[in-house]
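Here you get one chain, nothing else, as structure tokens; it is the form predicted on its own.
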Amino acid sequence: MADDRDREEIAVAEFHKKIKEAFEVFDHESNNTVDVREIGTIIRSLGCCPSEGDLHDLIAEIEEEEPTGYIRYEKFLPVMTEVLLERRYRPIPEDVLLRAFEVLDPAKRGFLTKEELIKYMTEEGEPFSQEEMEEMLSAAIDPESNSVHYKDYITMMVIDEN
């Protein structure tokens, strides 16, 4: 059992290093705090993909009793370490993303038009904001066909976990 405990201690130490490095990128004042609006970016830079609702819950957990607009490193570290150890908010696997796009493409064309994509992403489920939509379109849309060839897009956006 000592081997398992040693492995976990090594994993925790590695996570602490990664978390500190990610946090420090946004700690502009070098005072162990970051703007609460940067927390999602920090969490995503650590390979996690929480929904906006999950992110809201995490922020509520690490925010001060009286929110200041800033998150302290000492509150962020234990919560983020637990998230990484539990492998929460993992990216969606490539095959699941492909099936999701195929549901939106019943004709099996292999692409969605820009208009279809905007409709699905702003009117269904957890709707994208205007900024999120513009960011996705800039990465996903083929300018020549004005559509997203979703197999190519999925390959580009999937995180390689190896």
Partner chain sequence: MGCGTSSSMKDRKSENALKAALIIQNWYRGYSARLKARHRYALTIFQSIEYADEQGQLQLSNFFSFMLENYTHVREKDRELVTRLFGSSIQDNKDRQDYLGLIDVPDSYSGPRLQFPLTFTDIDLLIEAFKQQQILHAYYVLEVLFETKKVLQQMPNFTHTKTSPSKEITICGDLHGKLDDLFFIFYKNGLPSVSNPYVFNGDFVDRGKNSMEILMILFVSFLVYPNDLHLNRGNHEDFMMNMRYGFTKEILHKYKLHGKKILQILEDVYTWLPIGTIIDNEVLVIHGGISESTDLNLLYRIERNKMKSVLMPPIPLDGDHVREKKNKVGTTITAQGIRTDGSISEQLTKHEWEQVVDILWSDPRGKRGCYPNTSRGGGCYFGPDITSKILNKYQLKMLIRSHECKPEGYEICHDGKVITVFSASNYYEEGSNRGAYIRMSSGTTPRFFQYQITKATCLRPLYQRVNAIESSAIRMLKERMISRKTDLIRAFQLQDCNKTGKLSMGQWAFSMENILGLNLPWRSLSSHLVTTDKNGNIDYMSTFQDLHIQKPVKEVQSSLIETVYRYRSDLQIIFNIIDSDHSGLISMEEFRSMWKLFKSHYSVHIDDSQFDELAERMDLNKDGSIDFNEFLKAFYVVHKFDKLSKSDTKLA
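Residue numbers count along the first chain shown, from 1. Predicted, not measured: the structure shown is a model, and the values here were computed from it.
Beyond what is shown, the protein has a form predicted in complex with the partner chain; the following relates to that form.
Using a 4.5 angstroms threshold between heavy atoms, residue 9 stays clear of the partner chain in the model of the complex. Although the partner is absent here, residue 121 sits close enough that one of its heavy atoms falls within 4.5 Å of the partner chain in the model of the complex. A residue is said to contact a partner when one of its heavy atoms sits within 4.5 Å of a partner heavy atom; residue 21 meets this definition for the partner chain in the model of the complex.
In the model of the complex, the partner chain sits within 4.5 Å of a heavy atom belonging to residue 101. Checking 132, 64, 57, 35 against the partner chain in the model of the complex, a heavy atom within 4.5 Å turns up for just one residue: 132. Taking a 4.5 Å heavy atom cutoff to the partner chain in the model of the complex, the contacting residues in 125-156 are 125, 126, 127, 128, 132, 135, 136, 138, 139, 153, 156.
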